[in-house]
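Only one chain comes next, encoded as structure tokens, the form predicted alone.
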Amino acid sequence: MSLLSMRDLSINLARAPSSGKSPGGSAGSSINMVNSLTLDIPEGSVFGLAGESGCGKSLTALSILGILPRGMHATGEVTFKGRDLLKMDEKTFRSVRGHEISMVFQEPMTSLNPVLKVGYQIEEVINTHLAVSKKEAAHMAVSLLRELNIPSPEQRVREYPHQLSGGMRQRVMMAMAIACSPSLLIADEPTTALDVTIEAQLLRMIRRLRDDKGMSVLLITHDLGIIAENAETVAIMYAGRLVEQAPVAELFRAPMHPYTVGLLGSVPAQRGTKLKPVRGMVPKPWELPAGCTFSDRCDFAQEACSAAEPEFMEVGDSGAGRHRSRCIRTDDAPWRNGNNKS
């Protein structure tokens, strides 16, 4: 069963008529930031969404919560428990946001209010969505911090964000996110700026919360190592599009898109192994190449790759659409031969 389904989700950035000269077209037009995204997040699963910075991962997450930046508009369908989130009015959405769907943002120092004590910020979430007294909410805040292994939680709730370490701030954000036992937790780069020890602890907490509370998790990251250890299914995103999706084990065993191959080659396999970074950078949405959006960075591109954008289609022998890719060369897959050029 799918907890959340996206169908043809597109996110466009509108330009004001008074903007004058601007990239990507005339004033009053729009820029396509995310293009026709379709995916399903099953109940009780960890779904990984990976790709470089600038590929549209965070925008996709913000569209689920209905908090896109000003000037951006989402179209398509985002169905959660049978309800289309994109058609909800703001009052109804507020009852879902933070209660049934919650999010841990990338940088807790900028996500937490610096002038409010962390206990108050956790209690505010609880009081907004649950019918409990202020005393009960305060007790729940302490219990949540204790559950997330923050030492001396009774003291921490009386402190401000700047008085806590990065790992503690991230766990405060986690406490706010799980306070109302949501069905879906969106973790957007939850390990950013954390050392490896705290990173491992935080990821273990996410897995434990998934197991204990039965919630689904959308894990957004650029780190395929984190995906390999924590997710069951992974979708690879590039330039606002899904370019590959598969069960994690299958994607690592037999990647079907050159971009995925490039990402895997950028991960150190063992000490002394030379990395193979993907050349170039993710293009701006208004500077996409013709045809396949990855063609200008791909070592296996052919002339046909610039003719038209490939369809996102089933590949491999896993069946039931479990492995999909957006590449016209998946049949011969030259990258499997260890060649660097077509």
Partner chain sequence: MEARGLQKTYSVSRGVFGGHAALRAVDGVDFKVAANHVFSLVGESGCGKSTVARLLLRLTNPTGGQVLHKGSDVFALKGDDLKAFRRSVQIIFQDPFASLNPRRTVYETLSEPMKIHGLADKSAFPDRVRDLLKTVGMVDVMDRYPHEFSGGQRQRICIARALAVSPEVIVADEPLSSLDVSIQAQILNLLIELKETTGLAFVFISHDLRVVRYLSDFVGVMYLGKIVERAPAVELFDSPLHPYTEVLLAAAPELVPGRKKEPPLQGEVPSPLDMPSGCPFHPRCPKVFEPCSRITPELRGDAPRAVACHLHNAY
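The term rigid core refers to the maximal set of C-alpha atoms that superpose within 1.5 Å between the two forms. Everything numeric in this text was worked out from a predicted model, so none of it was measured. Numbering follows the first chain given and starts at 1.
Same protein, other form: the form predicted together with its partner chain, not shown, and the subject of what follows.
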query	finding
Exercise: residue 103 in contact with its partner chain in the predicted complex, heavy atom 4.5 Å	no
Heavy atom of residue 201 within 4.5 Å of its partner chain in the predicted complex	yes
Proximity of residue 154 to its partner chain in the predicted complex, heavy atoms at 4.5 Å	no
Contact test in the predicted complex: residue 117 vs its partner chain, heavy atoms, 4.5 Å	no
The unique member of 90, 195, 212, 84 whose heavy atoms fall within 4.5 Å of its partner chain in the predicted complex	195
Contact residue in the predicted complex, chosen from 113, 95, 133, 165 - any heavy atom within 4.5 Å of its partner chain	165
Site check 246, 330 and 336: each within 4.5 Å of its partner chain in the predicted complex by heavy atom	no
Contact stretch among 46-54, 64-72, 31-39, 299-307 - heavy atom within 4.5 Å of its partner chain in the predicted complex	46-54
Within 242-270, the residues that have a heavy atom no more than 4.5 Å from its partner chain in the predicted complex	248, 249, 252, 263, 264, 266, 267, 268, 269, 270
Threshold 2 Å Cα movement between this form and the one not shown at residue 91, rigid core reference	no
Threshold 2 Å Cα movement between this form and the one not shown for residue 272, core superposed	yes
